[in-house]
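A single chain, nothing else alongside it, follows as structure tokens in the form predicted alone.
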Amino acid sequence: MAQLLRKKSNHAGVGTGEYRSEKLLNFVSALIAPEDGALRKIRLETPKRGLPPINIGPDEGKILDFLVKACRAQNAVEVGTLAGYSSCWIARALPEGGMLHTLEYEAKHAQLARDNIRAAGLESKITVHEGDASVILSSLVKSGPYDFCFIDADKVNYPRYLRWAIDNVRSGGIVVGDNAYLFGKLHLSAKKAKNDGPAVEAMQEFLSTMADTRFFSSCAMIPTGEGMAMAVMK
């Protein structure tokens, strides 16, 4: 879509002169979020290997890179590995000696992620844990506290993963959740969302907790296509 797009807002104090075009967005992405061959191969090959094309894109990867470096993370956790694309973005942002523990339920996905991580030369910075996230997270407590946590997995369990992060991410650390708009259904009631009702309730609880000042000092939503929510631990 090459035509100029105009976004309007109903929020007081927000201007209506925000103009974006596909060419502009592509230009910015190429400028600030370039992929090298290893990252591009993971992203493009993932669906060809029979995995769903649900990984983040380069723009979201660069956001993760920024946040990891902003909080000076050394010890990180990712819930939801898929083929390892986001894992590589996070690990590359970690300093030498840093470690990312990434969790994947599906054996096929975990094995492909290990292969991709090895090909990217990041096996010394990433440990892929295979199995049920709740069990694995319990075992990772002893390796904490953590500086950064990225949640991009089954939506109904986002609140559970967030509670773990609250207990195990240090003060000043950052927690991030992808797909926070819940594919455009976040604002619906569980009844209207029908089959997605449980996920809607879970994501609404997740975001309410992220905005809870008892646990976090600041919370924000980056309006990516899927919505990326983030919060700083109090």
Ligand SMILES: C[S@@+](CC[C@H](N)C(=O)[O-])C[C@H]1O[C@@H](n2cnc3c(N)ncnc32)[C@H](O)[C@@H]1O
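Everything numeric in this text was worked out from a predicted model, so none of it was measured. One rule holds for the numbers: they count along the sequence shown, beginning at 1.
Unshown form predicted together with the ligand; subsequent notes refer to it.
Residues Asn55, Tyr85 and Phe150 are all found to lie within 4.5 Å of the ligand in the predicted bound form, as judged by heavy atom distances. Across the options 67 to 75, 117 to 125, 100 to 108, 139 to 147, residues that bring heavy atoms within 4.5 Å of the ligand in the predicted bound form belong to 100 to 108. None of the heavy atoms of Pro159 is located within 4.5 Å of the ligand in the predicted bound form. Although the partner is absent here, Leu94 lies well away from the ligand in the predicted bound form, with no heavy atom inside 4.5 Å.
Contact annotation for Ala133: at least one heavy atom lies within 4.5 Å of the ligand in the predicted bound form.
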